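Quick heads-up: it's one chain on its own, the form predicted on its own, in structure tokens.
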């Protein structure tokens, strides 16, 4: 779509009509402390043709033979029917369905999405999504502070094994709202976190990931009960595919999690060089009015025919500036459509088989990898479809040299923690065959041997 800017004359004429001296005057309500500095790292503009050529070159860099990279985005099989249907004009160009009488098909689809996500997480309510998993977590933190009537604290306890990019996103979003993030250290032996009752005192919420960033499974029942007993709400960050096998957050501990978020990318959405993605968000019914985003309800008309409509939250709630529940929430309609179709086609058993095959594939890979001299599992305990391998050489070198041979082997944890620079986070999904795993092991062994051989 071409970009048609307003000319300086256009801008001046509009300012004269509304009585503003300049464009800066339109933003005088924003305190200087909240304004961004100059974006010095943004390069100069280029032409549309040059941009297209650059993006094509970048896209070709993503073409590899095998990818074992996870760390928040996962290479699952996507049935062909999904994006054939999503690409239909009715879905591809749909806008948020404010006009219910003209949008029943879209509204019903979103309602089905909410229903399936609620069942998957065992939560009472789901919204029609937010931007992505990271911003969903930030929204959940803000929501928890608003919703916690027992504790007016703005302190959020955060498990230190949550995705580090999620944590950075949360810091960026919640800091201007006065929230404090208190990060719990993870056990260097297990990669998991634990909690004592003293630490959770005077915290509005506890955020815990399941599985965690390292692929492990934290003791969510114990964490949930300790947090709940201290008056803190529990925010669960989940992988939707894993919930086909693992205990859903609505059943954690005695009372379950209060708010649940996650990244919906595994549900029929391609990795696509990092987005756009789909933020899942659920909560208990008692705090639903604090949840941002669209919520679709089902009712009947005067003739007792079923109908669907936006409910609880009017459009105006999201354009009330400082009084809005959220100023970044949205309905990621296209990706909600893809996720709904994916869940519908897979069904309960299909999703379970995807999860089982992914787990079995990882077990196969780790079993063979740890037979290589010097390679071992970094953390103890159960995992889902991701695990950390500790290598006898730098993970950065392994990633680079294996990528040169057409295999992206995983995520170099030295990027986020210098103390883990020999550690590689490896992911396996149902797309990886036994031959693919054998190729990974052969390449990994060759790279390690070449790096350790004397010159």
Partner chain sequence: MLIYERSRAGRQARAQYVSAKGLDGQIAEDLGEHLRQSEVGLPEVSELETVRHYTNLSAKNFAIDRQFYPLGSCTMKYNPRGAHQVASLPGFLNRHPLAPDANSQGYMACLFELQNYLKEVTGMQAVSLTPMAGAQGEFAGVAMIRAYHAKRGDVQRTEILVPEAAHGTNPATAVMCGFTVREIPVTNDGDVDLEALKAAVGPATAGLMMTNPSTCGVFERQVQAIAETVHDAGGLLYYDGANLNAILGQVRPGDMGFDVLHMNLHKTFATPHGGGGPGSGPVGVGPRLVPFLPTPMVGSSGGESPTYRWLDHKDCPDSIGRLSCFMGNAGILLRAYAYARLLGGEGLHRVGEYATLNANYMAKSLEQAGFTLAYPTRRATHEFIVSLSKEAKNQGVTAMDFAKRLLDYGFHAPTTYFPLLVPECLLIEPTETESKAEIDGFVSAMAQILEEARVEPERVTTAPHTLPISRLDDVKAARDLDLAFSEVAEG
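Only the largest set of C-alpha atoms that superpose within 1.5 Å between the two forms is called the rigid core. Numbering follows the first chain given and starts at 1. Just so it is clear, the model here is predicted, and its values are computed rather than measured.
The same protein also has a form predicted together with its partner chain, omitted here; what follows describes it.
- Using a 4.5 Å cut-off to its partner chain in the model of the complex, each of 69, 165 and 298 places a heavy atom inside that distance.
- Of the candidate stretches 367-375, 195-203, 263-271, 180-188, only 263-271 contains residues with a heavy atom within 4.5 Å of its partner chain in the model of the complex.
- Contact check for residue 419: every heavy atom lies farther than 4.5 Å from its partner chain in the model of the complex.
- Not displayed here, its partner chain is approached by residue 79 to within 4.5 Å at the level of heavy atoms in the model of the complex.
- Contact between residue 148 and its partner chain in the model of the complex is not found at the 4.5 Å heavy atom cutoff.
- At the 4.5 Å threshold, heavy atoms of residue 116 reach its partner chain in the model of the complex.
- If you take 357-384 and check each residue for a heavy atom within 4.5 Å of its partner chain in the model of the complex, you get 357, 359, 360, 363, 382, 383, in sequence order.
- With the core held fixed, the Cα of residue 434 is displaced between this form and the one not shown by less than 2 Å.
- In this overlay on the rigid core, residue 300 has a C-alpha that sits 2 Å or more away from its partner position between this form and the one not shown.
- Once the cores line up, the CA of residue 14 ends up 2 angstroms or more apart between this form and the one not shown.
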